[in-house]
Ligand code: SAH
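Only one chain comes next, encoded as structure tokens, the form predicted alone.
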């Protein structure tokens, strides 16, 4: 069985045409992209690296990594987001590859083929996050880098990521997230350790509603990013 929730796939299929509209439902994704791109590049030196972007959606992070000099393959199980990603790459003349395939199937096909694997804002949308973590670990080369981002599971995260972002400030469509699917950093670190990945950093992404901007810091109460390496 494919590790995907049909309802989640339909959710993103329905709004895929707005993926590159910086004033749409994906505005927060565009806003945080420079931060997560720098987070990855500072730790993995993207130029010249073979990179896999898992759950790439419409290609916002994938394209930005190409612009930093990486050779990128983006994968997703959503046909509509991938179509948007491919069309945008044609429009912007970006040399990038996309495939509609699960990360687990790709891990069977291309084990240890990538210098860097990214899986951002995806784990909280799949039935079995640990399966994705294992597949990412299988896909990265020894001494390679794996990056995840997700949302913490606690009352503050519920208030900020669901009540605040979806119902008060209308930053995201209602129903984008389910609290029960949020993942504590300790849970993600445990799954990564079980997959033979070593943690190197955990950092938070916080939003300032007054200045309407994001920053990377030590506060991991809500959104966070984690960096792992695979030992040789």
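In this text, all values refer to a predicted model and were calculated from it rather than measured experimentally. Numbering follows the first chain given and starts at 1.
Just so it is clear, the following notes concern the form predicted in complex with S-adenosyl-L-homocysteine (SAH), a form of the same protein that is not shown.
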{"item": "Candidate stretches 134-142, 120-128, 83-91, 155-163, one within 4.5 Å of S-adenosyl-L-homocysteine (SAH) in the predicted bound form by heavy atom", "value": "120-128"}
{"item": "Partner contact for residue 56 in the predicted bound form: S-adenosyl-L-homocysteine (SAH), 4.5 angstroms, heavy atom", "value": "yes"}
{"item": "Residue 20: touches S-adenosyl-L-homocysteine (SAH) in the predicted bound form, heavy atom cutoff 4.5 angstroms", "value": "no"}
{"item": "Distance check, residue 77 to S-adenosyl-L-homocysteine (SAH) in the predicted bound form, heavy atom within 4.5 Å", "value": "yes"}
{"item": "Residue 229 within 4.5 Å of S-adenosyl-L-homocysteine (SAH) in the predicted bound form, heavy atoms", "value": "no"}
{"item": "Contact residue in the predicted bound form, chosen from 191, 29, 183, 171 - any heavy atom within 4.5 Å of S-adenosyl-L-homocysteine (SAH)", "value": "29"}
{"item": "Partner contacts in the predicted bound form for 1-24 (non-hydrogen atom within 4.5 angstroms of S-adenosyl-L-homocysteine (SAH))", "value": "3, 4, 9, 12, 19"}
